[in-house]
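Taking the form predicted alone, here's one chain by itself in structure tokens.
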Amino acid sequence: MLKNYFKIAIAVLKRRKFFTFISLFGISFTLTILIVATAFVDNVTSANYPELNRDRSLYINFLQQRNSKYGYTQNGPASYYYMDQYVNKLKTPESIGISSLFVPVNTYVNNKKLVVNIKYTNEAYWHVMQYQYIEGKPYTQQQIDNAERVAVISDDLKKDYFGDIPNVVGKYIEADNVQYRITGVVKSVPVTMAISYADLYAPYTVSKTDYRTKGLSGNYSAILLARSKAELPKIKEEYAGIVAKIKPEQKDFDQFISYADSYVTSFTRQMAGDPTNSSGLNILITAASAFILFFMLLPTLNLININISRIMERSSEIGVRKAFGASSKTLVWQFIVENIILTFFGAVIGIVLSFIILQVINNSELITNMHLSINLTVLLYSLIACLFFGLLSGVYPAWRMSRLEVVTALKAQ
């Protein structure tokens, strides 16, 4: 029976090639957009090089001082003083990596301007992150304490600054009018990973912004690495206890707010505006789900209209089959199977297109050092969603078809 349905479906698809093209285009285009978009989101939010320990890490990158009476706030990253005085006092984490936001500066190589993004870190940062060393090693705690001008650079910066020299450890590189001695070269990180991306990493003690300046606000973030995922709630609780004792810097404010969050939540909380009420994660998930639902409904409605047109074209066939005893149930099932076959073909085309587009994006280096790939879990759910909406788009036309009277169906042709 299914074999006959398959043959009929192929014949119907060949009969009106334009309608078939529109249907397949709608299904494959929708699936392609979803797979490519989720590949990007998955790359940004999942544990990827060098942040391989995100599942047992908490992030502190946002402070808020608030006037609860009038609602105005002061938001931003923390100072190194805050990290040293409060975050470094935490006893539960295995390690606490502290780093600044990357800052672009200019340097010149062979009379050519080169933009170098500098990040300042503590020594534990190199334990929390899992950088791949191409040459050398990170700077030590002793070098940080001595405020030595040493640096770890990315392999992209090595190529741009030194060319094809095989080993640059021990050589000097100039950035922002400062000479740094190179201790190591690491594999480059895409700019989408804001916590770990930089061209040049240097000790926080050589930053031109005095790390000893007292004040809560600055440009540093912290990663709290737990020994296991089970320890994360305990770390959150310990940090909340410390934050509860901190007073705002200015008299205009009466609330000080900061959280140790998972990677994604640490950013959605900033977008939520009022972190005391919501982390923003549920809002983001709801908005993304609504967008995907709406995005998939459009081709579904298109398929319903096309399928209704196909029914009217096949009314004589339906009338003849009914006249020879075919039940409405048989015809409905046949029509739904035809629609699922069409959806399956569209899904296969969509997967092939997605793979091609992702390869083009990776090879073109649209975002340097970012490698996108198809998430198999997302692919599975996308296929299930496509088949569901394909089934849904066939139910209503099939129901319309089942209600056609034999005489009416024969007269319609």
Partner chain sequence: MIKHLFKLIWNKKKQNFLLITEMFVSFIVMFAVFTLIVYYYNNYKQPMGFDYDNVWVANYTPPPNIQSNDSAQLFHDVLEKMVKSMPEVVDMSFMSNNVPFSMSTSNTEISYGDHRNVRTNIYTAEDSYKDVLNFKILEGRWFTNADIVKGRDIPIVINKKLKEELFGNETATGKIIGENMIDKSQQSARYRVIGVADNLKDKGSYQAIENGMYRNIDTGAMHWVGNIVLKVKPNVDAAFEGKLFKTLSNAIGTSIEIEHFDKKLVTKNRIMLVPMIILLIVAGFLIINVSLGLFGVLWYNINKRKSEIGLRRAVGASGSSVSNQLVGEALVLATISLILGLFFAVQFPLLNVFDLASNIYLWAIAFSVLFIYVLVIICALYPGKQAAAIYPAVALHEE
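Numbering follows the first chain given and starts at 1. Heads up, when I say rigid core I mean the largest set of C-alphas that superpose within 1.5 Å between the two forms. These figures come from a predicted structure and were not determined experimentally.
Although it is not shown, the form predicted together with the partner chain is what the next lines describe.
Output flag, 103, 108 and 115 jointly within 4.5 Å of the partner chain in the model of the complex, heavy atom basis | Looking in the model of the complex, the three residues 103, 108 and 115 all sit within 4.5 Å of the partner chain (heavy atoms).
Mind telling me which stretch in 339 to 347, 187 to 195, 235 to 243, 289 to 297 gets its heavy atoms within 4.5 Å of the partner chain in the model of the complex?
-> Heavy atoms within 4.5 Å of the partner chain in the model of the complex occur in 289 to 297.
Does any heavy atom of residue 120 come within 4.5 Å of a heavy atom of the partner chain in the model of the complex?
-> Yes, contact at 4.5 Å.
Does any heavy atom of residue 50 come within 4.5 Å of a heavy atom of the partner chain in the model of the complex?
-> Flag for residue 50 set to no.
Does any heavy atom of residue 29 come within 4.5 Å of a heavy atom of the partner chain in the model of the complex?
-> Result yes; residue 29 sits at the interface with the partner chain in the model of the complex.
Answer for residue 22 alone: is it within 4.5 Å of the partner chain in the model of the complex, judged on heavy atom distances?
-> Close contact exists here: in the model of the complex, residue 22 approaches the partner chain to within 4.5 Å, heavy atoms only.
Out of 148, 84, 313, 156, which one falls within 4.5 Å of the partner chain in the model of the complex, going by heavy atoms?
-> After the contact test, the surviving option is 313.
So which of 213, 167, 75, 141 reaches within 4.5 angstroms of the partner chain in the model of the complex, heavy atom to heavy atom?
-> Spelling it out, the residue with a heavy atom inside the cut-off is 213.
Core fit, then residue 26 C-alpha moves 2 Å or more between the shown form and the other one | Shift at residue 26: 2 Å or more after core fit.
After the core is matched up, is the C-alpha of residue 318 off by 2 Å or more between the shown form and the other one?
-> Shift of 2 Å or more: yes.
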